[in-house]
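Take a look at this single chain in structure tokens; it is the form predicted alone.
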Amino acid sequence: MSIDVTGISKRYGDFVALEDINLTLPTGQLTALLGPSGGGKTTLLRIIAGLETPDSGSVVIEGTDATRLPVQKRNVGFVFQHYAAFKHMSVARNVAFGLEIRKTPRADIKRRVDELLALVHLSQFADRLPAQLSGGQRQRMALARALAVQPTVLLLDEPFGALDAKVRKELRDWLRRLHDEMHVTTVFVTHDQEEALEVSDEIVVVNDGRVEQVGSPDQLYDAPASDFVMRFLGDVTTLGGHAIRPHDIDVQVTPQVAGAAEGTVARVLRVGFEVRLTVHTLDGEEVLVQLTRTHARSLRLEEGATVWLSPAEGATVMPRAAALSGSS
């Protein structure tokens, strides 16, 4: 196993940032640390990197106890959201920096830099200064610089957080392809659920300094361990007092399912390929429903229409107690 985190706790005064974290991150995987701001995910990443020291517990990287090792001896590469490039150095020199301070032979540096710039599609920008690159290109340069020293582990802290939605999407796809080529063990922090679900092999949900759940994107989405995980990993509504995903609700214009909740369509909103309904049930619930445009059209749904709602077959439904305790 690549990274073993055992009994890690960290306080800042009275604030508990992490409490008894136990985690194993397998070699060669791309793992997302996902959670709300202030939940502890960045503190955990910085402890793995050696930028923070835990109050208790241990970090073992590839069989070596790294808990008290300085950053430079951990063989980790890391990239932060606001990447600090050397502004006076060319792109190629920025990528070469870690190799130069390790006294790597010049011919080896040139070969490695050329390989990496080709890998991150920046070969044609080798002689430019960082200020002449776009935000997305600068983040690709940052990744090339982190990979130059051939780290055992690559750590990314909200690497695309400062970029616009379109560039973020492009870089997410690119990071996944890069990881599949390089197979370096990668851990990245994000508060973006879509980013975690789309890119990672495994997701660690961190909240209030604790690990809520660990699993594949499908496992967490389809079988959340708690109301918090369910709500954090996607849209949730309430039907019959149960938490349920809006796309997991079956809509009928005639009562066909025993126990279906009768309601009135209060709002119809068309967003791209989907239609979002707001339905007020006779039980006083406001239920959000997502349908495809084709399905909504076939039902001829309009505001004021009477409908019957029930969980679709295979729907993810949280128990009544969890739904009510987590509702806001």
Partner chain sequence: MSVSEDVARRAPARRTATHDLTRTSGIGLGVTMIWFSLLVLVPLAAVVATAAAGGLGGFWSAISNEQTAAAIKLTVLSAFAVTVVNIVVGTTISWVLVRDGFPGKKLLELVIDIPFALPTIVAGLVLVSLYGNDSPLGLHVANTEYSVFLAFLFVTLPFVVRTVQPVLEQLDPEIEEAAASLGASRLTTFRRVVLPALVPAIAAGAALSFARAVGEYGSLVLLSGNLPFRSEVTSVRILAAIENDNRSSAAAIATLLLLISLAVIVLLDVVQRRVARRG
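Positions refer to the first chain, counted from 1. Treat the numbers as computed from the prediction; the structure is a model and nothing was measured.
Absent from the display: the form predicted in complex with its partner chain. The rest refers to it.
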Location of its partner chain contact in the predicted bound form, chosen stretch of 223-231, 184-192, 121-129, 245-253 [non-hydrogen atom, 4.5 Å]: 121-129
Contact check for K87, R102 and R145 against its partner chain in the predicted bound form, heavy atom at 4.5 Å: yes
Exercise: L51 in contact with its partner chain in the predicted bound form, heavy atom 4.5 Å: yes
Contact of G98 with its partner chain in the predicted bound form (heavy atom, 4.5 Å): yes
In the predicted bound form, Q137 touching its partner chain (heavy atom, 4.5 Å): yes
V149: touches its partner chain in the predicted bound form, heavy atom cutoff 4.5 angstroms: yes
One residue of V76, V206, L175, A196 in contact with its partner chain, assessed in the predicted bound form (non-hydrogen atom, 4.5 angstroms): V76
Heavy atom within 4.5 Å of its partner chain in the predicted bound form - residue from V211, L117, V236, L133: L133
